[in-house]
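In the form predicted on its own, a lone chain appears below as structure tokens.
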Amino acid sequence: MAESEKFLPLEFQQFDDATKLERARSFYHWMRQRRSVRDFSSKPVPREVIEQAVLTAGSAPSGANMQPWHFCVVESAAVKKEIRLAAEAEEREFYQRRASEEWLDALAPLGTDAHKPFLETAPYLIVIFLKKFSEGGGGEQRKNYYTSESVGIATGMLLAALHNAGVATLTHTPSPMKFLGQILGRPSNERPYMIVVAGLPENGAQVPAISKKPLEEIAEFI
């Protein structure tokens, strides 16, 4: 293959400065409305919506384009219940024994505890796995690079895509999470990274009265 055939022309839409600013402001105001929801409705969400959001996540940049992620989309009520039972067992250990008082104090304003009904109620659990190694065409193992960074970017894009589609989300990270690989039958080269709970909020759902830091506290321009 000729060197020129290894590359394609870039498809990139440019805007004038006013349009850039308007789109940036609009996206910010939309995304700042995203909140972590813990009271989910069991009302279904079309699978095609979830598929498109996962495809968006899969378009994320990754180290050497190795795409070191796998998304298990759990719809089965039986599997969701199994995940909930295992997660709550770990969470009880966390709240009763593992977490420091400082950590528990930090969590207190959010009103969280070991009870995780959303893991059964929400129509989808998207379990994200990080792949330290991938299989080559001949079955050989190939090391993946910048895996945490790559999967973190993909997860952020998944959350944005779901919110953009009008789907509420919650990130959940019971610790340890090895049970997820066992329940979902994932290979040993993958480790659980995060559960993204996805669905619609229950009627009357409430969220903690918290705020985000202003620009001057999170960034500087040098």
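The model shown is predicted, which means the values in this text are computed figures rather than measured ones. Quick note: we count residues from 1 along the sequence shown, nothing fancier.
What comes next is about the form predicted in complex with a small molecule, which does not appear here.
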- [ ] Indicate whether His70 is a 4.5 Å heavy atom neighbour of the small molecule in the predicted bound form.
- [x] no
- [ ] Decide whether Thr112 counts as a contact residue for the small molecule in the predicted bound form under a heavy atom distance cut-off of 4.5 Å.
- [x] yes
Open item on the list: Under a 4.5 Å heavy atom criterion, is Glu88 part of the interface with the small molecule in the predicted bound form?
Closed with: no
Task: Contact test in the predicted bound form: Lys80 vs the small molecule, heavy atoms, 4.5 Å - done: no
Open item on the list: Only one of these stretches, 146 to 154, 130 to 138, 88 to 96, 71 to 79, has heavy atoms within 4.5 Å of the small molecule in the predicted bound form; which one is it?
Closed with: 88 to 96
Task: Contact residue in the predicted bound form, chosen from Ser42, Gln52, Gln182, Thr173 - any heavy atom within 4.5 Å of the small molecule - done: Thr173
